[in-house]
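Quick heads-up: it's one chain on its own, the form predicted alone, in structure tokens.
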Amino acid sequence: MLNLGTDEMAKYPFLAEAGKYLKDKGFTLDQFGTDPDLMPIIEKAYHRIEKASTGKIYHSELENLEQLDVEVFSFLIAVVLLKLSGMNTLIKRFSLAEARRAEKFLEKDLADFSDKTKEQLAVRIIKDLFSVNVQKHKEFFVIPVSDYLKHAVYFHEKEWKLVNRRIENGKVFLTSHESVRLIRKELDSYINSKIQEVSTPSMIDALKKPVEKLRLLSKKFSVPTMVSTEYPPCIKHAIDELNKGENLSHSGRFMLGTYLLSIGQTVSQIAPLFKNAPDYNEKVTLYQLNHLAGNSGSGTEYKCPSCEKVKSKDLCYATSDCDGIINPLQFKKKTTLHA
């Protein structure tokens, strides 16, 4: 089990030690609704969730030693608010934002050559939580090829392909940023699972208003589910993932956007599909879709990738209905005529 100080728990409040922090400090949930010194933490916790819902990373006041307890408490109360609200869309957005926040701290600690303790903690977290054995090698970090392949499967950009990496003696060379970026998806999943495991506490009066505000907030991200039975399986799968609030890869978003544009849908019709994505940002989504449509000034209109390309990105979910096509745009669901 990791031994963490208060400053480390403030950076990584999702770890087991932080989970029992309230009890160790002698506080109960009821006190946060009655103690004037603790009540502002409820508002801070709500703000932490609200910021995450917009795709932004919560800024921590770690330089102020007196605020370290508050940083840990605000995360724990945020989890309580999320559980009481029951809004899974907000939980997914919160876990992703907290993963990106922790990622920044891990990268900084891993690359802190002046403080061996921070480096060792980052290495230990990555190893204990995600079974990735990171070792320092001069200015680089190296991990076994087997560990790399297990985690790089989530990346489709060419720079993550093993043939494009420096490899020596069965070890892959990475920067501190790449080492931590490699486990982002698992970090997000880990935090989400820790939140899901928490038992929903009893409601107290002080939490009723922020919980209701969270339920109203979640409605901003509710969009009608698109029925996608007439789309090719790869497109149907991408839409289903978004409908479930999952994070679709960059390649998946490119495929989906170009396909829907190619069949005549407009940017304004397509954009709401991405609302359920944990990292949804309306401005960025509209910019990217307009770019694909050739409306961004470049004049280049991007085409839906071929089936071969879709397969190379692990986005293919072909069925017998796909037989004979070489591009998703050629798909036409077969129908059976009944007498």
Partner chain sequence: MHEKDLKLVENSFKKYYFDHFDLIHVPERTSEREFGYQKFNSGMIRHLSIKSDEDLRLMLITEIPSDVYCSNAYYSFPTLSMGEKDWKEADLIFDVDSKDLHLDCRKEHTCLKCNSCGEVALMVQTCPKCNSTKLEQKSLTCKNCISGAKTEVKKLMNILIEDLGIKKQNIRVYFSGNEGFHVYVTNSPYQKLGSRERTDLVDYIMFRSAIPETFGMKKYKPERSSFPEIIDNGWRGRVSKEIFGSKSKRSKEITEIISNGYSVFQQRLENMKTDIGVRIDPNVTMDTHRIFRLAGSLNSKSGLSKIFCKNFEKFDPFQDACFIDDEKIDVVANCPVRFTLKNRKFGTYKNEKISLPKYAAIYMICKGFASTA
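Numbering follows the first chain given and starts at 1. Keep in mind that what you see is a predicted model, and the values were worked out from it rather than measured. By rigid core we mean the largest C-alpha set that fits within 1.5 Å across both forms.
Keep in mind that the form predicted in complex with the partner chain is missing from the display, and what follows is about it.
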{"query": "Contact test, all of 149, 167 and 170, partner the partner chain in the predicted complex, heavy atom 4.5 Å", "finding": "yes"}
{"query": "Heavy atom within 4.5 Å of the partner chain in the predicted complex - residue from 158, 219, 138, 116", "finding": "158"}
{"query": "The unique member of 129, 198, 203, 153 whose heavy atoms fall within 4.5 Å of the partner chain in the predicted complex", "finding": "153"}
{"query": "Touches the partner chain in the predicted complex: residue 162 (any heavy atom, 4.5 Å)", "finding": "yes"}
{"query": "The partner chain contact at residue 263 in the predicted complex, heavy atom, 4.5 Å", "finding": "no"}
{"query": "Partner-proximal stretch of 72-80, 210-218, 88-96, 141-149 relative to the partner chain in the predicted complex, 4.5 angstroms, heavy atom", "finding": "141-149"}
{"query": "Rigid core superposition, residue 291 Cα moves 2 angstroms or more between the shown form and the other one", "finding": "yes"}
{"query": "Core-aligned CA displacement of residue 251 at least 2 Å between the shown form and the other one", "finding": "yes"}
{"query": "Per-residue C-alpha change between the shown form and the other one, residue 314, threshold 2 Å, rigid core fit", "finding": "yes"}
{"query": "Note on residue 192-residue 314 C-alpha separation in the predicted complex, which departs from the shown form by 3 angstroms or more", "finding": "farther"}
